[in-house]
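Next comes just one chain, in structure tokens: the form predicted alone.
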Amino acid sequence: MTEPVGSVLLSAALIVRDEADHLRACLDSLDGLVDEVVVVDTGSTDGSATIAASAGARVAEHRWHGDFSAARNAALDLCRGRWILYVDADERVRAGTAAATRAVLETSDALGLLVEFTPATGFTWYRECRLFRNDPAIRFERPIHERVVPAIERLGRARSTGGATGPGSVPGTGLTGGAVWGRVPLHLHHLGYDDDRPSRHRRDLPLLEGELARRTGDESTWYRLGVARAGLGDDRGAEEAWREGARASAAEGDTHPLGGMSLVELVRISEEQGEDPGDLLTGALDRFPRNRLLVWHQARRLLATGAPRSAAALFAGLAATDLEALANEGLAYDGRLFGSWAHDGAGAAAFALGNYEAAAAEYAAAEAAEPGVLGYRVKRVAATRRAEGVRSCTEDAATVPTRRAG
């Protein structure tokens, strides 16, 4: 007899297709955290379903129709836990968080719970909703880059008599007060973007184009379409998509840092083509002052245009970023932005200002953060030698006797 919904505390729901290289390690990382694993296979030919079954997962087949939400919802329909964690085969649960997470689930009155999520190796993490109540009203929407948050918020508003009824909205996440949100110490690490596979871009391209046929003004979809085109070598098409994304973001009046990602790409392209992105960058920062990539580009431009003191202040601000607070903004960055890249830029600014000891220290910090980059060592040595030369000249000048008049 099939056990009823709610008979266990936590279910994990996965959809897979040809994930044999990743699946076993993902399932192993769930051990001790979840009570059951539901795997919906959408047409694997590499034995993924067999791997899942041998690990004790409940496996079902779902014919692929180009709709990620439909596949995910098929998995949700099979879950028996009071809570559901949705996870992908190329993600791993960080060890040591199972007991604390389950303790929250036993007592939480939330509808949705935010986990810590690292989207790629070397990137900063942010908070993302991956855990939610097993309720038939909570289902995914959109065929690609599917979303579950809108359904959770609708359910929260329906159950509330005047807004949120628990922890409420989470500052900085963009989640509204119409749902009840909480947090768990669970951390997921996504490995899928460590290897930029063209097959993923080929799969996503028609789905993104179909989504834009329905929602022409969705900036995030335009941005992702640009990423897919760039991944397939269509640089012109990528730039066109990002220009459309920038226009869509402006029309929406978006101010969240994520809404500026198309503009970030356009600034990067301008720089690579040897153009001055000044007006484009200034306008982007006016709208998205919290987008740290735009700040970094601005610091580099100030350095290149003869304003090293102003550049130094921006680089120092990046290096001093509170990554815990940054996680609340819902956007991940390459961690080097706050480490080696920030210190390298600060070193260049200090060098331009003639402060060679400070430059050497910054280059040393960049080298420590990313020891595999020989250029940081070369710059550190050059700055150190320049500082030694300045000290030597100063000491020599101090030992030259002065003549007295008369």
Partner chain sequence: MSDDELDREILKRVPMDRRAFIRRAVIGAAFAAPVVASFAAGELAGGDRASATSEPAFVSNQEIPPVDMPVLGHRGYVPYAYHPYQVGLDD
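Only a predicted model underlies this, so the values are computations on that prediction, with no experimental measurement involved. Numbering follows the first chain given and starts at 1.
We do not show the form predicted in complex with its partner chain, though everything after this point is about it.
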Problem set entry | Complete contact of 145, 197 and 386 with its partner chain in the model of the complex (any heavy atom, 4.5 Å) | yes
For this session: Could you tell me which of 299-307, 74-82, 316-324, 104-112 sits within 4.5 Å of its partner chain in the model of the complex, going by non-hydrogen atoms?
Result: 299-307
For this session: Could you tell me which one of 129, 248, 281, 93 places a heavy atom within 4.5 Å of its partner chain in the model of the complex?
Result: 129
Exercise. Only one of 53, 373, 368, 60 has a non-hydrogen atom within 4.5 angstroms of its partner chain in the model of the complex; which is it?
Worked result: 373
Exercise. With the cut-off set at 4.5 Å between non-hydrogen atoms, does residue 361 touch its partner chain in the model of the complex?
Worked result: no
Exercise. Could you tell me if residue 116 has a non-hydrogen atom within 4.5 Å of its partner chain in the model of the complex?
Worked result: no
For this session: Would you check, heavy atoms only and a 4.5 Å threshold, whether residue 330 touches its partner chain in the model of the complex?
Result: yes
For this session: Give a yes or no for residue 334: in the model of the complex, does one of its heavy atoms lie within 4.5 Å of a heavy atom belonging to its partner chain?
Result: yes
For this session: Could you run down 219-234 and flag each residue that has a heavy atom within 4.5 Å of its partner chain in the model of the complex?
Result: 220, 223, 224, 227, 230, 231
